[in-house]
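First, one chain by itself: the form predicted on its own, in C-alpha coordinates.
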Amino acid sequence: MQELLSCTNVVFHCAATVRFNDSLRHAVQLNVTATQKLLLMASQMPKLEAFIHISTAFSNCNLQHIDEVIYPCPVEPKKIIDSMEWLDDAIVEEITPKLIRDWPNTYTYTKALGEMVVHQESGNLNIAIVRPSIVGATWQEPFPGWVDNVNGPSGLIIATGKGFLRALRGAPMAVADLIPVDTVVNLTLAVGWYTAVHRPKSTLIYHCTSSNFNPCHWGKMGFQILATCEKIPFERAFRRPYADFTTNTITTQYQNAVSHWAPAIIYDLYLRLTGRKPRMTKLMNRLLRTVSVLEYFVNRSWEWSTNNTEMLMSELSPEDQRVFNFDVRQLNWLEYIENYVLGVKKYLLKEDMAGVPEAKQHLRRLRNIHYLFNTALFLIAWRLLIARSQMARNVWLFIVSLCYKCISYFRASSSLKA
(Lines give C-alpha, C1' and ligand atoms only; values in the text may rest on other atoms or scores of the structure.)
Protein backbone atom coordinates (compact mmCIF):
# COMPACT_ATOMS: atom_id res chain seq x y z
CA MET A 1 0.00 0.00 0.00
CA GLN A 2 2.79 2.42 0.84
CA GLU A 3 4.39 1.79 -2.54
CA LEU A 4 1.06 2.47 -4.24
CA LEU A 5 0.64 5.76 -2.38
CA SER A 6 4.18 6.93 -3.08
CA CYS A 7 4.35 6.02 -6.80
CA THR A 8 0.92 6.95 -8.20
CA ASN A 9 0.82 9.90 -10.61
CA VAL A 10 -2.72 9.78 -12.02
CA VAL A 11 -5.93 8.27 -10.62
CA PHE A 12 -8.86 7.39 -12.91
CA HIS A 13 -11.80 6.68 -10.62
CA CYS A 14 -14.35 4.74 -12.69
CA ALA A 15 -15.48 2.08 -10.18
CA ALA A 16 -19.22 2.24 -9.43
CA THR A 17 -22.44 0.29 -9.39
CA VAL A 18 -24.39 1.01 -12.56
CA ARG A 19 -27.52 -0.92 -11.60
CA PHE A 20 -30.54 1.39 -11.83
CA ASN A 21 -32.62 -0.64 -9.37
CA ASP A 22 -29.90 -1.12 -6.76
CA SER A 23 -30.81 -0.46 -3.14
CA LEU A 24 -29.97 3.02 -1.90
CA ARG A 25 -27.69 1.65 0.81
CA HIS A 26 -25.58 -0.35 -1.67
CA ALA A 27 -25.50 2.50 -4.22
CA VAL A 28 -24.37 4.98 -1.54
CA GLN A 29 -21.64 2.60 -0.36
CA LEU A 30 -20.18 2.14 -3.84
CA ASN A 31 -20.84 5.51 -5.51
CA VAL A 32 -20.49 7.93 -2.58
CA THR A 33 -18.65 6.42 0.39
CA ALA A 34 -16.08 4.69 -1.83
CA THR A 35 -15.44 7.98 -3.64
CA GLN A 36 -14.90 9.71 -0.30
CA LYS A 37 -12.41 7.04 0.82
CA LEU A 38 -10.51 7.14 -2.46
CA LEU A 39 -10.18 10.94 -2.21
CA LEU A 40 -8.72 10.47 1.27
CA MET A 41 -6.24 7.96 -0.13
CA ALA A 42 -5.39 10.29 -3.03
CA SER A 43 -4.59 13.11 -0.59
CA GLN A 44 -1.76 10.88 0.74
CA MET A 45 -0.13 10.50 -2.70
CA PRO A 46 2.77 12.98 -2.89
CA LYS A 47 3.38 12.47 -6.62
CA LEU A 48 -0.28 12.68 -7.70
CA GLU A 49 -0.70 14.98 -10.71
CA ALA A 50 -4.39 14.44 -11.52
CA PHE A 51 -7.50 12.76 -10.11
CA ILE A 52 -10.11 12.03 -12.82
CA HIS A 53 -13.57 11.08 -11.56
CA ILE A 54 -15.93 9.31 -13.97
CA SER A 55 -19.52 10.32 -13.30
CA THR A 56 -22.50 10.22 -15.70
CA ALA A 57 -24.19 12.80 -17.91
CA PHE A 58 -27.44 11.75 -16.19
CA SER A 59 -26.32 12.69 -12.69
CA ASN A 60 -28.54 15.77 -13.10
CA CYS A 61 -31.17 14.24 -15.39
CA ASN A 62 -33.87 15.95 -13.33
CA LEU A 63 -32.87 19.06 -15.33
CA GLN A 64 -33.54 19.65 -19.03
CA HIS A 65 -30.41 21.66 -19.81
CA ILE A 66 -27.24 20.59 -18.01
CA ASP A 67 -24.15 22.78 -17.83
CA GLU A 68 -20.58 21.77 -17.02
CA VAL A 69 -20.96 22.61 -13.35
CA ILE A 70 -21.55 20.69 -10.12
CA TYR A 71 -25.14 21.17 -9.01
CA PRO A 72 -25.96 21.19 -5.27
CA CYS A 73 -27.94 18.25 -3.88
CA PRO A 74 -31.01 18.66 -1.65
CA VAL A 75 -29.28 16.71 1.14
CA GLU A 76 -25.63 16.88 2.17
CA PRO A 77 -23.77 13.71 1.10
CA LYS A 78 -22.23 13.35 4.58
CA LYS A 79 -25.69 13.16 6.13
CA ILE A 80 -26.71 10.44 3.66
CA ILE A 81 -23.52 8.48 4.37
CA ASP A 82 -24.02 8.74 8.12
CA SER A 83 -27.70 7.75 7.97
CA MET A 84 -26.91 4.62 5.93
CA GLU A 85 -24.74 3.38 8.82
CA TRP A 86 -27.53 3.16 11.41
CA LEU A 87 -30.85 2.95 9.53
CA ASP A 88 -32.16 -0.57 8.93
CA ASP A 89 -32.99 -1.83 5.44
CA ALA A 90 -36.77 -1.49 5.82
CA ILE A 91 -36.55 2.19 6.74
CA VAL A 92 -34.01 2.91 3.97
CA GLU A 93 -36.32 1.32 1.42
CA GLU A 94 -39.28 3.32 2.73
CA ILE A 95 -37.56 6.72 2.62
CA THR A 96 -35.73 6.15 -0.72
CA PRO A 97 -38.45 7.78 -2.91
CA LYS A 98 -38.46 10.86 -0.65
CA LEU A 99 -34.68 11.14 -0.74
CA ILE A 100 -34.14 10.73 -4.47
CA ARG A 101 -37.06 13.08 -5.25
CA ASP A 102 -37.15 13.74 -9.03
CA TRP A 103 -34.15 11.56 -9.84
CA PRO A 104 -35.43 8.41 -11.61
CA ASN A 105 -33.31 5.88 -9.71
CA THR A 106 -30.65 5.39 -7.05
CA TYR A 107 -27.85 5.25 -9.62
CA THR A 108 -28.28 8.78 -10.98
CA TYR A 109 -28.97 10.14 -7.49
CA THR A 110 -25.85 8.66 -5.90
CA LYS A 111 -23.69 9.76 -8.83
CA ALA A 112 -24.86 13.33 -8.17
CA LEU A 113 -23.93 12.84 -4.49
CA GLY A 114 -20.55 11.50 -5.59
CA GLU A 115 -19.87 14.66 -7.56
CA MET A 116 -20.69 16.73 -4.48
CA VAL A 117 -18.24 14.67 -2.44
CA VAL A 118 -15.54 15.28 -5.06
CA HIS A 119 -16.27 19.00 -4.93
CA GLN A 120 -16.31 19.25 -1.13
CA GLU A 121 -13.39 16.99 -0.26
CA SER A 122 -10.97 17.56 -3.13
CA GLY A 123 -8.73 19.75 -0.99
CA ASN A 124 -5.57 20.63 -2.94
CA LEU A 125 -6.02 17.79 -5.41
CA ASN A 126 -5.95 18.49 -9.13
CA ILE A 127 -9.38 17.13 -10.12
CA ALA A 128 -11.56 16.82 -13.24
CA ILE A 129 -14.91 15.08 -13.82
CA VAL A 130 -15.94 13.25 -16.99
CA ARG A 131 -19.67 12.72 -17.61
CA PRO A 132 -20.39 10.12 -20.32
CA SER A 133 -23.96 9.52 -21.48
CA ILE A 134 -25.21 6.04 -22.51
CA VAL A 135 -22.04 4.01 -23.07
CA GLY A 136 -22.26 1.54 -25.94
CA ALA A 137 -20.03 -0.71 -28.01
CA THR A 138 -16.70 0.48 -29.40
CA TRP A 139 -16.50 2.61 -32.49
CA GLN A 140 -12.97 1.74 -33.61
CA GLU A 141 -10.81 0.08 -30.93
CA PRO A 142 -10.02 -2.74 -30.35
CA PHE A 143 -12.39 -3.43 -33.25
CA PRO A 144 -15.79 -2.00 -34.28
CA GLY A 145 -18.66 -3.33 -32.17
CA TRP A 146 -16.65 -4.82 -29.29
CA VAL A 147 -18.65 -5.30 -26.06
CA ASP A 148 -17.93 -7.14 -22.82
CA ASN A 149 -21.33 -7.01 -21.08
CA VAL A 150 -25.07 -6.99 -21.73
CA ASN A 151 -25.94 -3.82 -19.83
CA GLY A 152 -28.02 -0.92 -21.18
CA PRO A 153 -28.50 -0.89 -24.99
CA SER A 154 -26.77 -4.28 -25.35
CA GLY A 155 -29.55 -5.95 -23.35
CA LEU A 156 -32.22 -4.27 -25.49
CA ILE A 157 -30.47 -5.45 -28.65
CA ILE A 158 -30.42 -9.05 -27.40
CA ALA A 159 -34.08 -8.92 -26.34
CA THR A 160 -35.07 -7.50 -29.73
CA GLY A 161 -32.89 -9.83 -31.80
CA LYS A 162 -34.15 -12.89 -29.93
CA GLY A 163 -37.77 -11.80 -30.44
CA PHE A 164 -38.56 -11.35 -26.73
CA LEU A 165 -39.05 -7.57 -26.80
CA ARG A 166 -41.84 -6.57 -29.19
CA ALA A 167 -42.89 -3.18 -27.87
CA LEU A 168 -41.29 -0.42 -25.84
CA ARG A 169 -42.87 2.70 -24.45
CA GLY A 170 -40.77 5.54 -25.80
CA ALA A 171 -40.52 8.54 -28.11
CA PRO A 172 -39.01 7.57 -31.50
CA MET A 173 -37.84 11.15 -32.07
CA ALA A 174 -36.16 11.43 -28.67
CA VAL A 175 -32.37 11.53 -28.91
CA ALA A 176 -30.62 8.30 -27.99
CA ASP A 177 -27.50 9.90 -26.54
CA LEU A 178 -25.29 6.89 -27.17
CA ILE A 179 -21.52 7.25 -26.90
CA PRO A 180 -18.98 4.56 -27.90
CA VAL A 181 -16.90 3.26 -25.01
CA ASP A 182 -13.59 3.85 -26.81
CA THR A 183 -14.62 7.50 -27.28
CA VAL A 184 -15.13 7.76 -23.52
CA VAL A 185 -11.71 6.21 -22.91
CA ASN A 186 -10.00 8.57 -25.36
CA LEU A 187 -11.62 11.64 -23.80
CA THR A 188 -10.75 10.45 -20.28
CA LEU A 189 -7.08 9.99 -21.21
CA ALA A 190 -7.00 13.42 -22.82
CA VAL A 191 -8.60 14.93 -19.70
CA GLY A 192 -5.93 13.26 -17.56
CA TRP A 193 -3.18 14.79 -19.70
CA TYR A 194 -4.71 18.27 -19.72
CA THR A 195 -5.45 18.26 -15.98
CA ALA A 196 -1.93 17.11 -15.05
CA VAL A 197 -0.08 19.44 -17.44
CA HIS A 198 -2.18 22.62 -17.38
CA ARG A 199 -3.47 22.30 -13.79
CA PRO A 200 -6.71 24.33 -14.10
CA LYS A 201 -7.54 26.55 -11.14
CA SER A 202 -10.99 24.98 -10.70
CA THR A 203 -12.52 21.55 -11.25
CA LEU A 204 -13.44 21.22 -14.92
CA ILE A 205 -16.32 19.00 -16.03
CA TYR A 206 -16.36 17.39 -19.46
CA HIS A 207 -19.57 16.12 -21.04
CA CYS A 208 -18.91 13.06 -23.21
CA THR A 209 -22.16 13.08 -25.20
CA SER A 210 -23.24 12.86 -28.84
CA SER A 211 -26.46 14.90 -29.04
CA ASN A 212 -24.73 18.25 -29.55
CA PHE A 213 -22.44 17.07 -32.33
CA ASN A 214 -24.15 14.13 -34.04
CA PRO A 215 -27.61 13.23 -32.66
CA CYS A 216 -29.19 9.83 -33.27
CA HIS A 217 -32.86 9.18 -32.49
CA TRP A 218 -34.28 6.07 -30.86
CA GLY A 219 -36.48 5.40 -33.91
CA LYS A 220 -33.48 5.39 -36.25
CA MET A 221 -31.55 3.15 -33.87
CA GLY A 222 -34.44 0.68 -33.58
CA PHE A 223 -34.90 0.51 -37.36
CA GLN A 224 -31.23 -0.31 -37.91
CA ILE A 225 -31.22 -2.95 -35.15
CA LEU A 226 -34.16 -4.74 -36.79
CA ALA A 227 -32.59 -4.47 -40.25
CA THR A 228 -29.35 -6.02 -38.99
CA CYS A 229 -31.18 -8.78 -37.12
CA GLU A 230 -33.03 -9.66 -40.34
CA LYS A 231 -29.79 -9.77 -42.32
CA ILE A 232 -27.72 -11.65 -39.73
CA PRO A 233 -30.20 -13.24 -37.28
CA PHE A 234 -29.55 -14.36 -33.74
CA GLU A 235 -29.49 -18.12 -33.28
CA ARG A 236 -32.39 -19.89 -31.53
CA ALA A 237 -34.62 -16.82 -31.61
CA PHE A 238 -37.89 -17.13 -29.65
CA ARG A 239 -39.88 -15.14 -32.21
CA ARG A 240 -39.26 -13.21 -35.42
CA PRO A 241 -37.50 -9.91 -34.55
CA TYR A 242 -39.97 -7.05 -34.50
CA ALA A 243 -40.39 -4.13 -32.13
CA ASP A 244 -42.35 -0.92 -32.07
CA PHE A 245 -42.73 2.13 -29.84
CA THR A 246 -45.90 2.70 -27.83
CA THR A 247 -46.92 6.17 -26.73
CA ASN A 248 -49.34 5.73 -23.82
CA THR A 249 -50.20 3.45 -20.93
CA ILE A 250 -53.17 1.75 -22.62
CA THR A 251 -51.28 0.67 -25.76
CA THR A 252 -48.31 -0.36 -23.63
CA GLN A 253 -50.46 -2.60 -21.43
CA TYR A 254 -52.16 -4.06 -24.51
CA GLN A 255 -48.84 -4.83 -26.19
CA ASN A 256 -47.46 -6.33 -22.99
CA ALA A 257 -50.49 -8.62 -22.71
CA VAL A 258 -50.67 -9.67 -26.38
CA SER A 259 -47.04 -9.54 -27.52
CA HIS A 260 -45.18 -10.43 -24.32
CA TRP A 261 -47.21 -12.30 -21.72
CA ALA A 262 -49.47 -14.37 -24.02
CA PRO A 263 -46.64 -15.99 -26.05
CA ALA A 264 -44.65 -16.60 -22.84
CA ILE A 265 -47.60 -18.33 -21.14
CA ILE A 266 -48.33 -20.44 -24.23
CA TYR A 267 -44.70 -21.49 -24.53
CA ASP A 268 -44.50 -22.40 -20.84
CA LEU A 269 -47.68 -24.47 -21.25
CA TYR A 270 -45.98 -26.29 -24.12
CA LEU A 271 -42.91 -26.92 -21.94
CA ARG A 272 -45.10 -28.33 -19.15
CA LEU A 273 -46.93 -30.63 -21.57
CA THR A 274 -43.62 -31.95 -22.88
CA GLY A 275 -42.31 -32.61 -19.36
CA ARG A 276 -39.87 -29.69 -19.18
CA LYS A 277 -39.53 -26.90 -16.66
CA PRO A 278 -41.33 -23.65 -17.63
CA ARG A 279 -39.06 -20.61 -17.77
CA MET A 280 -40.44 -18.08 -20.26
CA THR A 281 -42.84 -16.18 -17.96
CA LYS A 282 -40.07 -15.69 -15.40
CA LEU A 283 -37.72 -14.42 -18.11
CA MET A 284 -40.42 -12.13 -19.51
CA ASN A 285 -41.14 -10.71 -16.06
CA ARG A 286 -37.46 -9.87 -15.60
CA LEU A 287 -37.26 -8.32 -19.07
CA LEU A 288 -40.30 -6.09 -18.60
CA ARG A 289 -39.02 -4.91 -15.22
CA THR A 290 -35.74 -3.92 -16.86
CA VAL A 291 -37.53 -2.19 -19.74
CA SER A 292 -39.72 -0.20 -17.33
CA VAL A 293 -36.57 1.13 -15.66
CA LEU A 294 -35.13 2.22 -19.02
CA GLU A 295 -38.33 3.91 -20.22
CA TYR A 296 -37.44 7.14 -18.41
CA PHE A 297 -34.43 7.60 -20.71
CA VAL A 298 -36.18 6.48 -23.92
CA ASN A 299 -38.92 9.10 -23.52
CA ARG A 300 -36.74 12.18 -22.96
CA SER A 301 -34.04 14.26 -24.58
CA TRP A 302 -31.48 16.42 -22.79
CA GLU A 303 -29.18 19.29 -23.71
CA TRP A 304 -25.62 19.23 -22.42
CA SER A 305 -23.19 22.10 -22.78
CA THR A 306 -19.83 20.94 -24.17
CA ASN A 307 -17.59 24.01 -23.95
CA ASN A 308 -14.85 22.25 -21.99
CA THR A 309 -14.93 19.21 -24.28
CA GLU A 310 -14.56 21.41 -27.36
CA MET A 311 -11.78 23.38 -25.67
CA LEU A 312 -9.91 20.16 -24.93
CA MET A 313 -10.29 19.04 -28.52
CA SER A 314 -8.70 22.27 -29.74
CA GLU A 315 -5.78 21.84 -27.29
CA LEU A 316 -4.75 18.52 -28.82
CA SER A 317 -2.27 18.34 -31.67
CA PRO A 318 -3.51 16.88 -34.99
CA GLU A 319 -1.70 13.63 -34.22
CA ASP A 320 -3.23 13.41 -30.72
CA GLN A 321 -6.66 14.18 -32.16
CA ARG A 322 -6.22 11.16 -34.41
CA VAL A 323 -4.87 8.82 -31.73
CA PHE A 324 -7.22 9.98 -28.93
CA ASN A 325 -10.22 10.60 -31.16
CA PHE A 326 -13.39 11.65 -29.31
CA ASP A 327 -14.97 13.72 -32.10
CA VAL A 328 -18.30 11.92 -32.69
CA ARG A 329 -19.13 14.19 -35.63
CA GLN A 330 -17.25 11.63 -37.74
CA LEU A 331 -19.42 8.74 -36.52
CA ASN A 332 -21.71 7.00 -39.04
CA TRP A 333 -24.61 5.83 -36.88
CA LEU A 334 -26.05 3.21 -39.26
CA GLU A 335 -22.67 1.54 -39.62
CA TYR A 336 -21.99 1.83 -35.89
CA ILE A 337 -25.32 0.27 -34.87
CA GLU A 338 -24.87 -2.61 -37.31
CA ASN A 339 -21.43 -3.30 -35.84
CA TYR A 340 -22.94 -2.99 -32.36
CA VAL A 341 -25.53 -5.69 -33.10
CA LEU A 342 -22.87 -7.98 -34.54
CA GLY A 343 -20.61 -7.36 -31.54
CA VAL A 344 -23.40 -8.21 -29.09
CA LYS A 345 -24.24 -11.34 -31.08
CA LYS A 346 -20.63 -12.46 -31.05
CA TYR A 347 -20.26 -11.78 -27.32
CA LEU A 348 -23.51 -13.52 -26.43
CA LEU A 349 -23.13 -16.62 -28.56
CA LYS A 350 -19.33 -16.84 -28.73
CA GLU A 351 -19.67 -17.76 -32.37
CA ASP A 352 -18.34 -16.79 -35.78
CA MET A 353 -20.39 -16.18 -38.90
CA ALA A 354 -20.61 -19.92 -39.65
CA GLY A 355 -23.92 -20.09 -37.79
CA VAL A 356 -25.66 -17.49 -39.99
CA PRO A 357 -27.26 -19.91 -42.55
CA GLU A 358 -28.84 -22.00 -39.77
CA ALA A 359 -30.05 -18.84 -38.02
CA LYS A 360 -31.62 -17.57 -41.25
CA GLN A 361 -33.37 -20.89 -41.77
CA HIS A 362 -34.71 -20.75 -38.20
CA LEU A 363 -35.88 -17.17 -38.82
CA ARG A 364 -37.77 -18.30 -41.96
CA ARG A 365 -39.49 -21.01 -39.91
CA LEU A 366 -40.50 -18.43 -37.30
CA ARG A 367 -41.80 -16.16 -40.06
CA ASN A 368 -43.90 -18.98 -41.55
CA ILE A 369 -45.27 -19.84 -38.11
CA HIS A 370 -46.12 -16.15 -37.63
CA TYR A 371 -48.00 -15.98 -40.94
CA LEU A 372 -49.79 -19.29 -40.25
CA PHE A 373 -50.84 -18.14 -36.78
CA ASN A 374 -52.17 -14.82 -38.09
CA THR A 375 -54.06 -16.57 -40.89
CA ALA A 376 -55.64 -19.05 -38.47
CA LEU A 377 -56.55 -16.22 -36.10
CA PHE A 378 -58.18 -14.28 -38.94
CA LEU A 379 -60.18 -17.29 -40.13
CA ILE A 380 -61.42 -18.05 -36.60
CA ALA A 381 -62.42 -14.41 -36.04
CA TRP A 382 -64.15 -14.25 -39.42
CA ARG A 383 -66.01 -17.52 -38.75
CA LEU A 384 -67.28 -16.20 -35.43
CA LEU A 385 -68.31 -12.96 -37.09
CA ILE A 386 -70.24 -14.79 -39.82
CA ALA A 387 -72.04 -16.89 -37.21
CA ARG A 388 -73.20 -13.79 -35.32
CA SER A 389 -73.78 -11.18 -38.04
CA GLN A 390 -76.17 -11.31 -41.00
CA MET A 391 -74.28 -8.47 -42.69
CA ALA A 392 -71.03 -10.44 -42.46
CA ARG A 393 -72.77 -13.48 -44.04
CA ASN A 394 -74.06 -11.30 -46.89
CA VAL A 395 -70.59 -9.88 -47.48
CA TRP A 396 -69.10 -13.38 -47.47
CA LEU A 397 -71.70 -14.67 -49.96
CA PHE A 398 -71.07 -11.65 -52.19
CA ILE A 399 -67.31 -12.29 -52.17
CA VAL A 400 -67.77 -16.00 -52.92
CA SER A 401 -70.20 -15.33 -55.77
CA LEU A 402 -67.90 -12.66 -57.21
CA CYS A 403 -64.93 -15.05 -57.13
CA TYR A 404 -67.07 -17.75 -58.79
CA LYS A 405 -68.12 -15.35 -61.57
CA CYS A 406 -64.51 -14.27 -62.15
CA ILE A 407 -63.37 -17.91 -62.40
CA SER A 408 -66.24 -18.71 -64.80
CA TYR A 409 -65.36 -15.69 -66.93
CA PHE A 410 -61.70 -16.69 -67.23
CA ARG A 411 -62.67 -20.27 -68.09
CA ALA A 412 -65.03 -19.05 -70.81
CA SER A 413 -62.37 -16.71 -72.21
CA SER A 414 -59.84 -19.56 -72.33
CA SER A 415 -62.32 -21.79 -74.16
CA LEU A 416 -63.05 -19.12 -76.82
CA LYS A 417 -59.32 -18.55 -77.41
CA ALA A 418 -58.80 -22.28 -77.83
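Start at 1 with the first residue shown and count on from there. What you are looking at is a predicted structure, and each value in this text was computed from that prediction instead of being measured.
Unshown form predicted in complex with a small molecule; subsequent notes refer to it.
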Problem set entry | Contact flag, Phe326 vs the small molecule in the predicted bound form, heavy atom cut 4.5 Å | no
Exercise. Would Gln330 count as a contact of the small molecule in the predicted bound form, using a 4.5 angstroms cut-off between non-hydrogen atoms?
Worked result: no
Exercise. Heavy atom to heavy atom, is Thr35 within 4.5 Å of the small molecule in the predicted bound form?
Worked result: no
For this session: Report yes if any heavy atom of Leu316 sits within 4.5 Å of a heavy atom of the small molecule in the predicted bound form; otherwise report no.
Result: no
For this session: May I ask you to choose, among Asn212, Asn151, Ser122, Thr281, the residue with a heavy atom within 4.5 Å of the small molecule in the predicted bound form?
Result: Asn151
For this session: Sort through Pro233, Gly343, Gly163, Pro132 and report the residue having a heavy atom within 4.5 Å of the small molecule in the predicted bound form.
Result: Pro132
Exercise. Is the small molecule close enough to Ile205, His207 and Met311 in the predicted bound form that each of the three has a heavy atom within 4.5 Å of it?
Worked result: no
For this session: Could you tell me which stretch in 92 to 100, 197 to 205, 247 to 255, 143 to 151 has residues with non-hydrogen atoms within 4.5 Å of the small molecule in the predicted bound form?
Result: 143 to 151
